[in-house]
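First comes one chain, alone, set out as structure tokens in the form predicted on its own.
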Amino acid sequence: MPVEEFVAGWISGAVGLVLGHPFDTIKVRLQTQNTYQGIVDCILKTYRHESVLGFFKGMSFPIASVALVNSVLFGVYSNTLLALTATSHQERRAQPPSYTNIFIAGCTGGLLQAYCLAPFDLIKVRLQNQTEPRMQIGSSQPRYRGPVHCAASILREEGPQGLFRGSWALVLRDTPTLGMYFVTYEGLCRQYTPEGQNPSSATVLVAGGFAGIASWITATPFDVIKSRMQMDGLKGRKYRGMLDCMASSFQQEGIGVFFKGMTLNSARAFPVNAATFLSYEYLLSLWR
């Protein structure tokens, strides 16, 4: 099994995470808290109350874990394509796989990514939702002192299943949308690249950016439910399950609740995924 796709996926995931984490923090807060009037209000309140550090809460854990999960996504995707088509990454420009095989490989990578990501993503969301400012004398202390303390607290208070809260919504978010993600990327690369040649850096940037936007537009409704399920249990159980969360959210806030954070998801998706694919393709080209 080729391992370079896993390594390239890990490094490109770290690059994308650094670029996108501040946007992700604002998105998570908008999805799970009703104290903000919009994106600008959330940004201003976060900065005034927590300084610029507030936008990077929960980042230390994902820089290793989420990058590792991105390694799983790209590694499984590429090796699934290899199993389906018997063509390696460098051979796929001369022998392009079908979009059906690309979609299947993307869904497979998304499914395994979601399985690996669930506990890490839950800890990230819990830390991002802590609005207490750091290192201020007399201010209230945050519930969790860091990712390890957060994981230990969840295990103690909610049991092992607590770390997988919202995992079904995460699976439903990632499995089909990551199939679409790779189909969009490959389709745009083929559209703007002469047959048999490798796409230019500009093509990779644009294709990766629009692939990110397309996937997040369809993923946002389940992303909202996933985030709310992950916060459930912090102060007692509010939802009986994913369907109850969807129904309760709709009854209280209307259909618009399922699109909270979509603007930020789309704005974040272009630079993050453009950088992710560019670094991924560049690293693989170095190892050919």
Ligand SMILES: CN(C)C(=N)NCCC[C@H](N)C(=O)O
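Everything quoted here is computed from the prediction, not taken from an experiment. When you see a residue number, it is the position in the sequence shown, counting from 1.
The form predicted in complex with the named molecule exists for this protein as well; it is not shown, and the discussion that follows is about that form.
Chemist: Heavy atom within 4.5 Å of the named molecule in the predicted bound form: which of 185, 216, 144, 120?
Modeler: The residue in contact is 216.
Chemist: Using heavy atoms only and a 4.5 Å cut-off, determine which of 127, 178, 154, 105 is in contact with the named molecule in the predicted bound form.
Modeler: Result of the distance check: 178.
Chemist: In the predicted bound form, does residue 165 come within 4.5 Å of the named molecule, counting heavy atoms only?
Modeler: The answer is no: residue 165 has no heavy atom within 4.5 Å of the named molecule.
Chemist: With the partner left out of view, is residue 173 within 4.5 angstroms of the named molecule in the predicted bound form by any non-hydrogen atom?
Modeler: Looking in the predicted bound form, residue contacts with the named molecule include residue 173, since a heavy atom lies within 4.5 Å.
Chemist: With the cut-off set at 4.5 Å between non-hydrogen atoms, does residue 273 touch the named molecule in the predicted bound form?
Modeler: Contact check for residue 273: yes, within 4.5 Å of the named molecule in the predicted bound form.
Chemist: Counting only non-hydrogen atoms and a 4.5 angstroms cut-off, does residue 227 reach the named molecule in the predicted bound form?
Modeler: No, no contact at 4.5 Å.
Chemist: Please pick out the stretch from 70-78, 89-97, 189-197, 155-163 that is in contact with the named molecule in the predicted bound form, where contact means heavy atoms within 4.5 Å.
Modeler: Checking each option against the 4.5 Å cut-off leaves 70-78.
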